[in-house]
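Let's start with one chain on its own, the form predicted alone, as structure tokens.
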């Protein structure tokens, strides 16, 4: 009965109801689209870091190897025996693991025979390269970071195990322009030189096959991707820098990392596991998401404050206009708490209607924006990415719950103190 009465009361002052609803709907749409954009960016950066930058959901290094590998690679590499020990540790977690891979990184010089420039290389095993660029998460969320050449790199390695992929900028620096497949055979041949793990100079021949993008503007002048075995030959080792673990469910990352590290400590094994969202592993991901979360917190505070003030203003005006009506209810036996709950129900009805309208408007705006395929270049990102807005079901439920609690609490708090006047004063009030 009271819910029905509260619903009818919404239409007693249509102008004020519409004005208050507009504020609530605007806040709901703003938070829904902002949250949807942050989720889209987070999934894109996560997929880019985990799969395209070859970090894996979890990276396992020799103890202190993350910090010291590049200064003492012979001491901090993962030897074949080390990798066997790690695989034994991972057996109990096999159901959570999609696959494991190996990676090695290093620096050196790439030369066309006339000019040499520095490079920063990453070597990844063929299985990981193939699965990463074709992974559903990458194709859904991080397609802007992919090029057709990236998809063709695996087949290029299968045809020629000396194939390498470099950024277009690095290619220009050695006077080789993309697409590399159009180059004459002799111009595809380059030399890679570097210091092996024992500090001796070494060099290998390589073939320019395709180009790729590191995703970071800072690394586009030096990025090089190579088969794992080719970099092993260049650095004179049969070891790896780190072992990558790719999971079936990325929600298990934190728990699985802690469990693996506990086994390492229990068995006194000299290894350390790091999640992909560790700032030492994925500084770009952590920094970007930290900024977006801080921005989201600021907007949540502003929007919730504006919605609360709108509700306070609407209820205060409603109480002033309905003073005699409230006095009558009090005179026939209604308690202040019951009247507070009645007016709170009016606000809850308003929030429900606004939530439904907000979802519809958010969906329409998101659909229109996504269909326009708006591209922009974020700071520090080497390629253009799409500005996309998505309406996430779970986020909508969270925001709706937040608004219900905020509006309900604000309404009850305001009316509870406004309705403590004496019955005589309420009935004699002119309402002005």
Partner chain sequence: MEVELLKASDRLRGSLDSGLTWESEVTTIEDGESSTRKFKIRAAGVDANVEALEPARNKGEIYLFNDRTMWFFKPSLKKPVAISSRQKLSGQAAIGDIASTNYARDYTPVIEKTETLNGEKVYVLMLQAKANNLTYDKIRYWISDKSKRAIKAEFLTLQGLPFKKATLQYDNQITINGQKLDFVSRMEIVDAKYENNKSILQYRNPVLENHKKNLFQVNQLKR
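These figures come from a predicted structure and were not determined experimentally. Residue numbers count along the first chain shown, from 1.
Another form, the form predicted in complex with the partner chain, is not on view; read the next lines as being about it.
In summary, among the residues 305, 92, 113, 136, the only one with a non-hydrogen atom within 4.5 Å of the partner chain in the predicted bound form is 113. Checked against the partner chain in the predicted bound form, the candidates 107, 85, 155, 202 yield a single residue with a heavy atom inside 4.5 Å, and that residue is 202. Residue heavy atoms within 4.5 Å of the partner chain in the predicted bound form occur in exactly one stretch of 98-106, 286-294, 113-121, 242-250, and that stretch is 113-121. Residue contact with the partner chain in the predicted bound form: residue 140 places no heavy atom within 4.5 Å of it. Although the partner is absent from this view, residue 186 contacts the partner chain in the predicted bound form, with a non-hydrogen atom inside 4.5 angstroms. Although the partner is absent here, residue 191 lies within 4.5 Å of the partner chain in the predicted bound form, judged by heavy atoms. Contact annotation: residue 357 falls outside 4.5 Å of the partner chain in the predicted bound form, judged by heavy atom distances.
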